[in-house]
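Just the one chain here, laid out as structure tokens, in the form predicted alone.
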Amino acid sequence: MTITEPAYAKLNLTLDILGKRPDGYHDLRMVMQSINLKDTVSVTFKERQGITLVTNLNYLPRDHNNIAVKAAELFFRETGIAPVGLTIRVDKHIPVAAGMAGGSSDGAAVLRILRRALAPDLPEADLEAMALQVGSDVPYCVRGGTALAEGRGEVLTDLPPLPDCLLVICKPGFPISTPELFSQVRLHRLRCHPDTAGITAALSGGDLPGVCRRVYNVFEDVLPRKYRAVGEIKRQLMDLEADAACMTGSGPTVFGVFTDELQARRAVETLRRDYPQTFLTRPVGRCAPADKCG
């Protein structure tokens, strides 16, 4: 038996840092959005014991250091279900180390598949609590859609969906270390913070311009100069008539919000000349509690 799930990328419409926790993590407040740029995750159940991972990117780890394998191992350990043999196939299309939770979404897809096949009565809250042990973004990726994420990212509140729009995604050819970026944060020096109440109200009213006015990521205020391409991409997107532009997560990917398809396609063509990993996408809805995303 083989079950296949989409693993959607995420964007941060907002990202705010509230403080540092006793456990060493930071308290965050973020408005998250799934988009239709996705990996495809398939799990084949087999008689022989053990977990095998197959992927189209040869440089990715294929053992427990891969979040998809880690998620499967944790599922059996936490549920007490006797482990069965699995072949996990991950076809990667989300850029790696992009701030779009590609690996987290792969792990979340594995958890959804295993719940559907082996523990259909497992409550969504239990699956999300399990997902937090895999990674901070994984609970959100189990759920997907439009959500307010707080704490480490595991305290989730569903929000009304982002009004239909086009999202131009552009990843420059370098990664940004998340620990490095957190090390740059001095809370008292952050110049401004996202208007979380305002953006949630705009979502409730279906007010896309109101959402666009409030898109903001505090990490942009602490980016070292060596990552100045992030700001250059933002400026290009705004020059190309984006309604808003922002870095997602800890970067380096930048997205622009468009309402005009011709302008969005022109932005993709222009940016792709210098940045091959440029995509035209749309928002998508929740993954859970329904078994299929969309």
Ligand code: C5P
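Fair warning: this is a prediction, and the values are worked out from it, not measured in the lab. The first residue of the sequence shown is number 1, and the count goes up from there.
Absent from the display: the form predicted in complex with the named molecule. The rest refers to it.
J.: Name the stretch, out of 107 to 115, 202 to 210, 82 to 90, 177 to 185, where some heavy atom lies within 4.5 Å of the named molecule in the model of the complex.
T.: That would be 177 to 185.
J.: Let me know the one among Ala244, Val230, Leu28, Val43 whose heavy atoms come within 4.5 Å of the named molecule in the model of the complex, would you?
T.: Looking at the other structure, the residue within range turns out to be Leu28.
J.: Which residue, Gly145, Gly135, Pro95, Pro194, is the contact with the named molecule in the model of the complex, using a 4.5 Å heavy atom cutoff?
T.: Result of the distance check: Gly135.
J.: So, in the model of the complex, is Gly24 in contact with the named molecule at a 4.5 angstroms heavy atom limit?
T.: Looking in the model of the complex, residue contacts with the named molecule include Gly24, since a heavy atom lies within 4.5 Å.
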